[in-house]
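Encoded as structure tokens, the following chain is the form predicted on its own, with no partner shown.
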Amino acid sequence: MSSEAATTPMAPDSAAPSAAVIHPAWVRVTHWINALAVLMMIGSGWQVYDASPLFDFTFPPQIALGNWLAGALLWHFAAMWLLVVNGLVYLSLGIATGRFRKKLFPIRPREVMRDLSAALRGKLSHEDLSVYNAVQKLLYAGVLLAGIVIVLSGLSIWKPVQFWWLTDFFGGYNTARYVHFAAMTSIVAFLSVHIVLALIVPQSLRAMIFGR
């Protein structure tokens, strides 16, 4: 081997692939805005609920937002517009870019049961964060549906005269309140699981912050 060849410094590995982009910028921005809006709506919604409970319990004021009914309504309506506008941007880009089609579908019951069993046994792989397992597909698609239901049922409660047809669709004002509460409960349940999994698999949280 010649001395020139032996002493030539190694060039930077420019051929090495850069870290793959898992979440593009629009996904990350809309995700965190949605997270803020949803937390505001849940906290203020609990305060609104306490003013006229559907069940034999109320939410502790320490976890509610608004201090009283009028204050809670102001927070709730402000968060509602933030959620609706940002949610429409998210849904439009998700459909237009094909991200929903590629990431969330198809959802096959057999694969859901297989991945759920693996998750319960602690054997579900998280090596490739760019690919959702069947349980993730089901949960993400489900929370998108719950988000749509909670907005529509909320509109039917807020303006039952103007949106009478929407109120009728939900079975009347009182039934719409129960639908709204059920959608909220499903979103809170999703967030609880989502946060726990983000802590268990911290690289997924980093990917939602930095994209890679």
Partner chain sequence: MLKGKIREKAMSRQRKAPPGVDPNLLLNDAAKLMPARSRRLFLRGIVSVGALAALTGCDIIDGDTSESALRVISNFNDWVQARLFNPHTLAPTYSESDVTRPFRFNAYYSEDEAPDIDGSTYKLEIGGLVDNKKPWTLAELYKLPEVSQITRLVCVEGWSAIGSWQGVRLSDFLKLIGADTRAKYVWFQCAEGYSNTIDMPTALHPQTQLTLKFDHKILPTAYGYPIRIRIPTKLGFKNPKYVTAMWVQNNDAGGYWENQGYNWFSGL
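Residue numbers count along the first chain shown, from 1. Fair warning: this is a prediction, and the values are worked out from it, not measured in the lab.
Just so you know, the form predicted together with the partner chain exists too; it's not on screen, but the next bit is about it.
- Taking non-hydrogen atoms only, T58 never approaches the partner chain to within 4.5 angstroms in the model of the complex.
- Mapping the unseen interface onto this chain, N174 counts among the residues with a heavy atom inside 4.5 Å of the partner chain in the model of the complex.
- Contact annotation: F77 falls within 4.5 Å of the partner chain in the model of the complex, judged by heavy atom distances.
- Interface residue remark: R28 is not counted as part of the site for the partner chain in the model of the complex, having no heavy atom within 4.5 Å.
- None of 140 to 148, 154 to 162, 28 to 36, 178 to 186 except one has non-hydrogen atoms within 4.5 angstroms of the partner chain in the model of the complex; the exception is 154 to 162.
- With contact defined as any non-hydrogen atom lying within 4.5 angstroms of the partner chain in the model of the complex, the contacting residues in 32 to 71 are V48, A51, S52, N67, W68, L69, A70, given in sequence order.
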